[in-house]
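So this first bit is one chain, no partners, the form predicted on its own, shown in structure tokens.
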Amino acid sequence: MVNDDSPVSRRSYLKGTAGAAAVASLAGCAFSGGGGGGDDTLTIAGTVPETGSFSSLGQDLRRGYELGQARMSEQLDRDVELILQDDESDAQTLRQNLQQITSNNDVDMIWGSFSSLLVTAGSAFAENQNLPFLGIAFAYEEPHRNDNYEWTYAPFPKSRDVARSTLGTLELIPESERPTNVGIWEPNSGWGREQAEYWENRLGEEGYDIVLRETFEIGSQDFSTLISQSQNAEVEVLLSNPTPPGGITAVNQMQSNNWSPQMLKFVRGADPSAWWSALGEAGAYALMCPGWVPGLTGNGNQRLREAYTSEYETESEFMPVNVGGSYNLTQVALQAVQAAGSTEAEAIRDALRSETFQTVIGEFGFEDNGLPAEGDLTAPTGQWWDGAQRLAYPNTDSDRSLDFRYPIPPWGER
């Protein structure tokens, strides 16, 4: 039996349209409404990748945002308008869309898209406009430290949290069976370098041998050299953060070359449902770190699940991971506006800096630069099994979590 938080009565959530969706608010809320921005409507702008290279994740992001918008409308005593447009997985299109939305509407807040590329583009726009910005699917830490963020906040595990979660997952393996040889495939990007550094340093400090660290070009269609190098280095644990298409291509080529590690973690690469659609059983055992995974409990997880199954036709008991991740963002937005008692940008920003937030991914606050406070978040690690992403780390008592499956058997024994 799943042990989530207490259930709530189901309601009909209003779906957003391709342009805008305004939802009438309900009475009896915690938000005072006093001292606000002089408008009864809270207007939120954002984009999602519904076409282009990240399109497999666009629907999940939109659904999480829509469910969150409905929840905000229940809790705030004013209309909540969410304006989402397709950014086509392109940073320039994203900027044009946000410019058009903010030019035609009195926007109070901006929500991000998917991936560091698109999220940082949205963040730069929000910083220029002096508007609060919330972004997920954004583990890259360096922009927070180097770009003088004043308005950007990331309710999402960062590179340091991903490295700590990787160590925690390894420690689930009995010590006598634990692997030692770690290989890192590093995308040629700022986040690729940063994540590789965290993995190498954190696991190296704990006694793991980093036997391979090689860089590859984002967009590469040929991983045969990396596979051969990994085999020669006797890599047991393979870590990388490729794009979803790159991750799928790499696993297909591992199968063709009859090689696989004993543990595979592809952060972001194994996030979308397209992973299983493309790979089937060949994609089993793969780990990912998407920010939220079915199997987490407390802080509204049961409410989210009930709202999702009530609103969208699905027979699966395992919700897509990016629905939970984007819903978590909306919980932060709701609590920040409640704490601010206003929709004024500076009041919301001050609340983001000073408050502690309880969401489906846990309880955390923010540093002044928008990073989640160090140590607050335990980055949930999921594992593909039987066509679903299920929580492997940390342990919970939910039936939607699973015991970490290790080691990955050779291809001929699957």
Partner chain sequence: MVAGELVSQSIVNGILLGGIYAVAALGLSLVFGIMDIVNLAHGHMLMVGAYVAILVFAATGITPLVGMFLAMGLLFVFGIVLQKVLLKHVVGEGIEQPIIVLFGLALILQNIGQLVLGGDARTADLGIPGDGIDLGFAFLSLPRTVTFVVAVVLIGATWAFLQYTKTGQAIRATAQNRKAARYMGIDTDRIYVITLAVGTALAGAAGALLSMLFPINPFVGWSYLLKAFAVVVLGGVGSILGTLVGGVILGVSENLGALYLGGGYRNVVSLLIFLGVLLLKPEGLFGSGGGGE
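Residue numbers count along the first chain shown, from 1. It should be emphasised that the depicted structure is a prediction, and the values quoted were computed from it without experimental measurement.
From this point on, the text means the form predicted in complex with the partner chain, which you will not see here.
> Among 99, 316, 310, 256, which has any heavy atom within 4.5 Å of the partner chain in the predicted complex?
Replying inline: Checked against the cut-off, the match is 256.
> Since exactly one of 339, 278, 76, 117 fits, which has a heavy atom within 4.5 Å of the partner chain in the predicted complex?
Replying inline: For this set of options, the contacting one is 278.
> Do residue 245 and the partner chain come within 4.5 Å of each other in the predicted complex, heavy atoms counted?
Replying inline: Flag for residue 245 set to yes.
> Going by a heavy atom distance of 4.5 Å, is residue 104 a contact of the partner chain in the predicted complex?
Replying inline: So residue 104 does not count as contacting the partner chain.
> Is there a non-hydrogen atom of residue 217 within 4.5 angstroms of a non-hydrogen atom of the partner chain in the predicted complex?
Replying inline: Result yes; residue 217 sits at the interface with the partner chain in the predicted complex.
> So in the predicted complex, does residue 356 come within 4.5 Å of the partner chain, heavy atom to heavy atom?
Replying inline: Heavy-atom contact with the partner chain at 4.5 Å: absent for residue 356.
> Hey, of 220-228, 192-200, 131-139, 150-158, which bit sits against the partner chain in the predicted complex at 4.5 Å between non-hydrogen atoms?
Replying inline: Heavy-atom contact with the partner occurs in 220-228.
> Taking the partner chain in the predicted complex, which residues along 45-80 bring a heavy atom to within 4.5 Å of it?
Replying inline: Counting only heavy atoms within 4.5 Å of the partner chain in the predicted complex, the contacting residues of 45-80 are 51, 52, 53, 55, 56.
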